[in-house]
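Consider the single chain below, provided in structure tokens and representing the form predicted alone.
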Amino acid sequence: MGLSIMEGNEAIARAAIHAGCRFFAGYPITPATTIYQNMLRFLPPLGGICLQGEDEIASIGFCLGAAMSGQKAMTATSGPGISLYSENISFAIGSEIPLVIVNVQRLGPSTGSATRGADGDVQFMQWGNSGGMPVIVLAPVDVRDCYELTVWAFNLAERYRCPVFLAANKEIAMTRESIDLAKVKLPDLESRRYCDENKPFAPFEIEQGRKAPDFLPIGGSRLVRQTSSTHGEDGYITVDTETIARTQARLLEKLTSTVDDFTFFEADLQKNAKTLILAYGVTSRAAKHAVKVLRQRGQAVSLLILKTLWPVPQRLLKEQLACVDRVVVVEMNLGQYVREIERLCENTQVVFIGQMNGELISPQQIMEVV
């Protein structure tokens, strides 16, 4: 495919197919519905399966079942659906089930405004599971990112056997842009590692030097146990405190200790700049324009665009924050990720620009604050 015009949701669907996704289940919800519509178009000719569940709870449940049988699976929804996904997100974390979840964010709370974008789910994606375990959340800026980061989302879900969120936004997902898919730089595809057929299988046994257990599919030729309860390496429920503590620590450590391996970002740094603008998602586009104009006016300013939101890329942030006197954090919400920046700052002033009224933050608003 050469140069094309497509919206972010179509790019996500096409990237999922490229990554090997052959199972999709979802429930129609603006502004994520066109992902479902595109998967309905792409999957059947490839022998894949695309289902509409009776609701969001059923849809993510279908995906977990498909993933446990060995499929690469994806679902897509928006804020109200993410709320309904919560219990099964916890299941996927605790039972190490790979899954890609696309959250095309819209203005909340609750039903909110279905046709207005926002980034109000940032904290909920991280903390919307019982137990407070970490998840991976990637945030695209444009249609190219939608394609590239979706492939990465599948790789990371397979590598670490965990749910991975793609935190899109209505404005990115439903805006049509030009893209040459042949020129998008993509990683080699990854798949979960299967257990050696000559070895006994313990579903949650971890080999030395690895972060996630080997895999065998439910419904195959060998016995596989799966549970949502606290369990040992053999997959049986346990109340042994040492075993439970060891598992909880590993679920935490397997992502927080490796975040540098999947810290995606753009940095446009200017020598001697004392102000850093930090943004993510669609707001990054306004920030880019603001930086361009400010520099034309003779003002030194740097820009950092985060594309990995969770786990927090602390090393990157500390390095960049140490170089400036002031950081201006721009978000399409009333202040969510800025809390992480404040936590990491020692001598750097933090200034927040945010709004959640259904309108995009403009370059002019950023320039006025800077």
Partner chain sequence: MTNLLNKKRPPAFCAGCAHDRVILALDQAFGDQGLAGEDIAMVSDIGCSGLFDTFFNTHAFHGLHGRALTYGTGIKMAQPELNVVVTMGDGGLGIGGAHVLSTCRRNIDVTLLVLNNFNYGMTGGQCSVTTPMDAQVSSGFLNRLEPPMDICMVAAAAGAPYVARCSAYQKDLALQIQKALTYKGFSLIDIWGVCPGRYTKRNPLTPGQIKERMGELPAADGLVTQNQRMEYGSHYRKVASGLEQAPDAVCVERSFDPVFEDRREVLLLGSAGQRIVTAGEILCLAGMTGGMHATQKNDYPITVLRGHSVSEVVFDKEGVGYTGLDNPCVVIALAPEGVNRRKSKFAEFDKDTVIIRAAGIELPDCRARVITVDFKAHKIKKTDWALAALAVLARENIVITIDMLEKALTCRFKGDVLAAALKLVHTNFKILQKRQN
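Residue numbers count along the first chain shown, from 1. All values derive from a computational prediction rather than experimental measurement.
What comes next is about the form predicted in complex with the partner chain, which is not displayed.
Contact with the partner chain in the predicted complex, judged by any heavy atom within 4.5 Å, is made by just one of 249, 189, 300, 223: 223. In the predicted complex, the partner chain sits within 4.5 Å of a heavy atom of residue 362. Mapping the unseen interface onto this chain, residue 121 falls outside it, with no heavy atom inside 4.5 Å of the partner chain in the predicted complex. Using a 4.5 Å cutoff between non-hydrogen atoms, residue 48 counts as a contact of the partner chain in the predicted complex. With a 4.5 Å cutoff on heavy atoms, residue 66 counts as touching the partner chain in the predicted complex. Exactly one of the stretches 101-109, 69-77, 269-277, 161-169 approaches the partner chain in the predicted complex with heavy atoms within 4.5 Å, and it is 69-77. Annotated contacts: 198, 262 and 309 are all free of the partner chain in the predicted complex [non-hydrogen atom within 4.5 angstroms]. Although the partner chain is not shown here, in the predicted complex the stretch 206-237 places heavy atoms of 217, 218, 219, 220, 221, 222, 223, 224, 225, 226, 227, 228, 229, 234, 236 within 4.5 Å of it, in sequence order.
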